[in-house]
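Shown next as structure tokens: one chain only, the form predicted on its own.
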């Protein structure tokens, strides 16, 4: 490809691994609602990179073509090879600029500060590698016993993105490919093939690589979702709050049983999905939900949302003239049981409106729900 000279940069995102140690394609794992590949692409796109080349396995390549339409910068999607070196080589060959930054897609915590350190050093040096110190003691092991200590003062951990001059990298690849050599990163390849040592810059300890499935726990994000509901009140029937009958002779005006707390909870859960609310998922024009038990609606909402790790549920019900404090613990127990979480994660507060508005006049009941959750890993 024609080389464009100057201080422009091609970012090569390597996402062509088999994920054998991870136990599947980690490229498709979602963090904070989007794949780690999307996360990395987004971060590079905001950090002064002039083009991005995503190198990905052929069988999952179609999953990422949508990314090309999300950004104004050019994004090329290139098929990976059998080994890491083959994949990086394909990406480098497809790049347009003299300066290339090679980054593992399995490091989604990349920052602009780190990218810029590598970019700036690459203006002066031919090869640049970020490193971080080893925090733990390093020892030698023979069999099942420690046989010696390794001085860690001069030992460092190598990270990505690594920056290189494109022509130099291709020379190293020519030698490595000719001798059928494979390397875990490009800095060691340049050292072994051309005897070129890379300049080091400070890496970042949070720039962690996802290798094993348990590594995902370090990338969990706490998110929040809110739900709200209100119902007018009328004489007759029973009033249910959080699955508990708190008063007879009064009821919520609703298509279903009108449990305002469960409805607020359902709305908060549906907002996690970001697609529906209780009125669209269970419309009052559908006779199937006529007088329906709100526990049934909640169960269907949970199925709709799918797996999610609920860390905290904070509920507030506002109701005049009817004391809810005697039912507080039963309501918390119910909510915890419905969601299959410990009761300690459920908070329930009962408030009045002190005579303000329709709720304050005892003509309506309302509820708020805030859920703190994290994406499943």
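Remember, it's a predicted structure, so these values are computed and weren't measured experimentally. Numbering follows the first chain given and starts at 1.
Although not depicted, the form predicted together with a small molecule is the subject of the following passage.
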**Asked** Based on heavy atom distances of at most 4.5 Å to the small molecule in the model of the complex, which listed stretch, 292-300, 225-233, 104-112, 171-179, is the contact stretch?
**Response** 104-112
**Item:** Any non-hydrogen atom of residue 84 within 4.5 angstroms of the small molecule in the model of the complex
**Value:** yes
**Prompt:** Any chance residue 209 has a heavy atom within 4.5 Å of the small molecule in the model of the complex?
**Reply:** yes
**Item:** 4.5 angstroms heavy atom contact with the small molecule in the model of the complex for residue 35
**Value:** no
**Asked** Would residue 18 sit within 4.5 Å of the small molecule in the model of the complex, counting heavy atoms only?
**Response** yes
